[in-house]
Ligand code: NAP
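Presented below, as structure tokens, is a lone chain in the form predicted on its own.
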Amino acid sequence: MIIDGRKFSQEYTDKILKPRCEVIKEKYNKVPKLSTILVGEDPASESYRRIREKFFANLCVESDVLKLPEEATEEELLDIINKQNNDDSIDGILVQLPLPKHMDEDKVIESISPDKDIEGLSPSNVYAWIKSTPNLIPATALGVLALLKHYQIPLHGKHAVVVGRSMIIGKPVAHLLLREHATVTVCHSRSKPLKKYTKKADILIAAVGRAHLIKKNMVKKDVAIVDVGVNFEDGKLMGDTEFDDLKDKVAYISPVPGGSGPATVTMLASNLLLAFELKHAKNNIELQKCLREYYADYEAKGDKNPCI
């Protein structure tokens, strides 16, 4: 079965995000605001921004984009982030990566307020998802979990192999799967031989960024694969798997494009709406709990929303 990220995105948006948007507009008489900061000209970043903006345009989201020149200093960027951290009208801050080489990406990401960090990469958010008490979780990792749950792929007691160890995907995905009671092995491009580990996987997350890495002789037939790789070859976007060779062999597989990408953008929107609502819930622990459970309905059942 093909894990269709576009289908998931449409169902989750229609049954979870759009109904909640109606509640937000009625309850607060305003909508969440996202500030996106881009430094320099990067075609891939600009493409991703356009896809994101098009998706957000159909939701209750106000979106501002601030473009800085390539030669902007790190201090200038940090000053802008500090001002946005203290601007109550802004609910989410997204700094588009990669940044120019003269900027320290870790320092920049760490400067974002955890309550506005919809990418889930600030130190306190990282600490939270490591401790399995997440505030905001990296959207790509959350998209992987959402796809697995949407397709009702069993996680409890299963052996999940994550190929990739980045802070954006590999590490948070591993912690999310552990929280779902899977047994998790984390590999990377230098795990030798990689086939030794991937062959044992019930669930395989391919997130290295190396085209054609996962081949059909490296997996068993009943595996579920979520491909998060982003690679360009002869102008064509592809993932980390040999998709055409694998799709008729395995139980589940996500394509690139059309798999984890739409899920990532959808979870980014979900994080923004959740951040907005958590801010207004303040010290109401029960309401916060209700909101987290509502936005975590990845099967998109669309049950009546009690979080008023």
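From 1 onward, residues are counted along the sequence shown. Only a predicted model underlies this, so the values are computations on that prediction, with no experimental measurement involved.
Omitted from view is the form predicted together with this ligand, to which the following refers.
Taking the partner from the other structure, this ligand in the model of the complex has a heavy atom within 4.5 Å of a heavy atom of Thr140. Among residues of the shown chain, Pro100 is not one whose heavy atoms approach this ligand to within 4.5 Å in the model of the complex. At the 4.5 Å threshold, heavy atoms of Lys158 stay clear of this ligand in the model of the complex, well away from it. Taking the partner from elsewhere, Asn85 is found to have every heavy atom lying beyond 4.5 Å of this ligand in the model of the complex. Checking Ser254, Ser270, Thr241, Thr264 for any heavy atom within 4.5 Å of this ligand in the model of the complex turns up a single hit: Thr264.
The listed set Leu194, Ala72, Ile153, Val108 contains one residue whose heavy atoms approach this ligand in the model of the complex to within 4.5 Å, identified as Leu194.
Here the chain stands by itself, but in the model of the complex one stretch of 174-182, 209-217, 108-116, 76-84, 209-217, has heavy atoms within 4.5 Å of this ligand.
Shown here without this ligand, the chain has Val163, Gly164, Arg165, Ser166, Ile168, Ile169 in 155-180 lying with a heavy atom within 4.5 Å of that partner in the model of the complex.
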